[in-house]
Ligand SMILES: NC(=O)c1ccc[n+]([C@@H]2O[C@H](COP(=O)([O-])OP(=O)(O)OC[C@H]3O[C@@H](n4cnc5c(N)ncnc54)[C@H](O)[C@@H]3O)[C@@H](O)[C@H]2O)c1
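Given as structure tokens, the chain that follows is alone and in the form predicted alone.
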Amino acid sequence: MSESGLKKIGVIGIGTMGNGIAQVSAQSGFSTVVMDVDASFLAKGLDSINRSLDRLVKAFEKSGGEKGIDADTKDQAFARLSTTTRTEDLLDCDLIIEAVPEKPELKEKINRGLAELGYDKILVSNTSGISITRLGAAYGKPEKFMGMHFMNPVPMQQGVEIIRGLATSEKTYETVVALCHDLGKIEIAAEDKAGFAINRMFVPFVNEAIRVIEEGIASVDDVDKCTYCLGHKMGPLMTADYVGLDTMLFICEVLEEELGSFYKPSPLLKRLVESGQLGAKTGSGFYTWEQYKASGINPDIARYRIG
């Protein structure tokens, strides 16, 4: 039996974060239902999960069983996954994880919709910066609402930032902590303040790295190389591309609104988002990307200078 006592997990959204969360849930033994608005999105997401699991099988075979998972374990995990385009099919889940884009109004609409359908169990949001108290109010049962901010890529990153809203109950908190353990994750408790803990520290770091590019101080690849000296496995610009530049901009704006102009997003970050260059998911950001693998420096960035 799981530490949390949960058996069936629902996931709303099968994008980059949602498919990673669904994969980890299924690998951890939970019956997992993934809901999205379009069947084609679901098919694409399942394919992504299948390829991710295949990489783990290859790692297992290459390492002689020291890493990854064997083929039988992969098949069992994939069999625990099901998909739907109907929110109603999530109502028998013991807990639902919402993992849609960082748009407050969209998340609030989902929360209200679940409540209207009669869902009354724990609902959590994989948000990187939206107020948990605000989203819990939209659910109407704030004591059963909480934030779970998974790190990207979800199957590889151990940390999960967990955030209580103003009215989150102790029982909900304890269940979410236990779920982290069930998923093989390490919980990182944070308060419901702008950017929480991780992005309060990391986003200004990325924003300053972008300013270094804007001012012509260093190139994209050299900026990222700088952070290897700090022990980082991935530089700030590549990480930003991977997370999504629209998400980075949103968090900058949240921080600026609550904490002041020090957190004002850089002009270049805004320009990239305005041009639709959002990072790995669109094929270009600071780098050019092919199937989530960086293939070069974006030529639009290589020539960009201010000041």
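Given the structure is predicted, the values throughout are model-derived calculations rather than measurements. Note that residue numbering begins at 1 and tracks the sequence as displayed.
One more form of this protein should be noted, the form predicted together with the ligand, which is absent from this view; the next part is about it.
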Among the candidate residues L259, A43, A59, V37, which is the single one with a non-hydrogen atom no more than 4.5 Å from the ligand in the model of the complex? V37
Please tell me which of L255, V243, A26, L272 lies within 4.5 Å of the ligand in the model of the complex, judged by heavy atoms. V243
Counting only non-hydrogen atoms and a 4.5 angstroms cut-off, does V100 reach the ligand in the model of the complex? yes
Non-hydrogen atom contact L117 with the ligand in the model of the complex at 4.5 angstroms: no
Residue contact check: I110 to the ligand in the model of the complex, 4.5 Å heavy atom: yes
Does at least one non-hydrogen atom of Y139 fall within 4.5 angstroms of the ligand in the model of the complex? no
Testing 164-172, 121-129, 177-185, 203-211 against the ligand in the model of the complex with a 4.5 Å heavy atom criterion leaves exactly one stretch, namely 121-129
Since the partner is left out here, which residues of 9-28 would have a heavy atom within 4.5 Å of the ligand in the model of the complex? I12, G13, I14, G15, T16, M17, G18
